[in-house]
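Quick setup: one chain, the form predicted alone, written in structure tokens, and binding and motion questions come after.
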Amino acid sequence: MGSGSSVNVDYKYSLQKSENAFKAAVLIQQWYRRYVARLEMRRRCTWRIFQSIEYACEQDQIKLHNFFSYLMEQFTPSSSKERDFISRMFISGESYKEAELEKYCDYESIEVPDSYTGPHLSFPLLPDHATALLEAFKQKQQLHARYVLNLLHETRKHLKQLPNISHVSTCYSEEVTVCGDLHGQLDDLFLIFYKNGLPSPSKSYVFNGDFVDRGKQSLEVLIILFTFLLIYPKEVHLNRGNHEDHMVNLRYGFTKEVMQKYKVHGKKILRMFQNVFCWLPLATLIDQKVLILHGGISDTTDLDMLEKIQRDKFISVLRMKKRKESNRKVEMRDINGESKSEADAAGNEAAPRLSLQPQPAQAPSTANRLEFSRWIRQTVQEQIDTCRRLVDISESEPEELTYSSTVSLKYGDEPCQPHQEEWQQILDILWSDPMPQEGCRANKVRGGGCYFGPDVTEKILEKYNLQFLIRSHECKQEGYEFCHRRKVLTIFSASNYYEIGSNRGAYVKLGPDLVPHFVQYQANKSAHMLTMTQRISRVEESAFRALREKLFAHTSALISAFKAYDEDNTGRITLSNWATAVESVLRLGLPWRMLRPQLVRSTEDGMLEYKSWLDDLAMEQRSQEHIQSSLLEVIYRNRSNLETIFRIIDKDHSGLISFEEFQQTWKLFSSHMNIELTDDGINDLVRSIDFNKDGNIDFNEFLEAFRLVRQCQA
């Protein structure tokens, strides 16, 4: 009896213990799931921030280019010297004739000194040369300029023989490896070769564009790829990406990298790269079933047209080929004192004037130089103001122009010329992105190309009897991603693209069955040492730092937006109105209510003192020089534009621009930034900022000029 009751007690105790253990396990599981869900939410928010800022930067590049392109078409210079300067400044990417290019980039005249200890190249190249280059770059050595130019010369000769669409067959190799964007990250390329093996007769590679920019070793990446291309021309294939474009290189780092590494011969090397880029094939077909292109497609993509395009015409896809000179003559009748009848008799070559605002009165006599100078500046200012309105450049940043609207803006109702259709074809395959919705629409997030839906993909696949598309162009957290019912594959090979731990890199291998096999990796060793929480926290911190810089750069516009919700002028708004106002100014498409706890201190009454909040942002961004916050704000917002403009003006990429170039350019740019300066003011400014008195302006002095003008206005 006693023994039975003891067993009963033990059983109940064991049962209760099991129930407690089960409840504990459920609680732990629920806690863990909530924890993982919160981490995933933070990861996705961080990703949205990085992508939104990246695409907004691309929009800035396009808007800046639209502005300059329209200036080139419509600006009325005040002198022949200024007209020549503008023409030289913006028409910089025209192709050299064959003989001129050979003479300009004469690598044979460059001697390699005995003191040079880097790798040597001799042509035709052998596998040992590629191995030597890999080892040299691992040791941080640099290839001599003579060999770089020789390599580019041979690469160009080879590329000119290739069709616009390369054809690859899995019959001749065990498999084909497809790599996405590398963006100058040499460690990723080394890791791909370490894991997958070097290119060889049995190991084919397709590199799908965007080899350069953003990373610090774009030059080395290109040298290695071009070397293997010449050694194994049937096994290595390179597609052009949207960053193989000298206008994009001006902004995103490749131009600067080349000039820093090759100070003497950098200009020649850059010119050769520009020409080599325009000869890169546009797409690759594997077994006539898998189409590989950098960006994507549109509802007008025509592979037959792409195969026939003279691709070397498009040195920069960002710059549409100009109309013939006779169709864009600048009207100088009033300035030169010609009568209308005289101008008409001369051939009626003047371009039609803009009719969006009253025309200036007839030019005053040149006897009164002050009055004549004022009239010139008024004419120029009116033209530029009209240009700015038409291309949507303003402090409030209205809706961005798309590429298609740029075409219609420049050409109006003129019939579409063949090269415009070709340009649109190339633009779409280099800049487009897929979307889950049906249809095809302008890509306003990037500012160029289009968004294409599953129906557009299905139509292209059916029309050309394809199985699926491989594209790159977008960073993916896992290095790859399927969409459109697994008919579109995005592959991205630059790991840690935004920040260490932000994403994996990947490449895909295709055998004769064309079934994709993926390999993922992290090129940075420190990323492997971090836990998931540490990695997300590190990336998140970097993302919010970039976002705060973006917010600070738009302080003035934010104050105006906040005041619209602060009707009683209390200096306080609701947190909901804060989120709405911030999105109306930045237009990044971010979930601001979700991001608010990281950006705004919580308040008991749900109200925000916005001026105090903006002051806190300014304190974070203020440099040691204690620059006035309003000036720093403008510099933050426009530094990329300023640097791009400086490089456009700096024709020889020496890092210096002359006084005359500075003076003439500042007239154009000051209107873009709503800064008013007289000719005398510009002359005083250029003398005051030439700190070392060498008669030239470097970028730091250029930036200082911008700061000084804003300071004077304040």
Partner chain sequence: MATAPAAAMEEKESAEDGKVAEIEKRIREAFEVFDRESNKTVDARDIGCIVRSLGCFPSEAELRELLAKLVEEVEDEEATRFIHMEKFLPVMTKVLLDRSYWPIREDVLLHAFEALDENKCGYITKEDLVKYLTEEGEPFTEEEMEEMLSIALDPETDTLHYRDYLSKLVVDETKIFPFHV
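Between two forms, the rigid core is the largest collection of C-alphas that superpose within 1.5 Å. If you're wondering where the values come from, they're calculated on a predicted model, not measured in any experiment. Numbering follows the first chain given and starts at 1.
The same protein has a further form, the form predicted in complex with its partner chain, not shown here; the description that follows concerns it.
Quiz item: Only one of Pro124, Gly197, Pro436, Pro201 has a non-hydrogen atom within 4.5 angstroms of its partner chain in the model of the complex; which is it?
Solution: Only one option qualifies, and that one is Pro436.
Exercise. Could you spot which one of Gln467, Ser584, Gln141, Ser576 gets a heavy atom to within 4.5 Å of its partner chain in the model of the complex?
Key: Result of the distance check: Ser576.
Quiz prompt | Options 157-165, 128-136, 491-499, 593-601; stretch whose heavy atom lies within 4.5 Å of its partner chain in the model of the complex | solution = After filtering at 4.5 Å, what remains is 593-601.
Quiz item: Quick one: does Glu481 come within 4.5 Å of its partner chain in the model of the complex, counting heavy atoms only?
Solution: Residue-level check for Glu481: yes, a contact with its partner chain.
Quiz item: Do Cys45 and its partner chain share at least one heavy atom pair within 4.5 Å in the model of the complex?
Solution: Taking the distances in the model of the complex, the answer for Cys45 is yes, it comes within 4.5 Å of its partner chain.
Practice problem: Tell me, please, whether between this form and the one not shown the C-alpha of Ile28 is shifted by 2 Å or more, with the rigid core used for superposition. | Solution: Moves: yes, 2 Å or greater.
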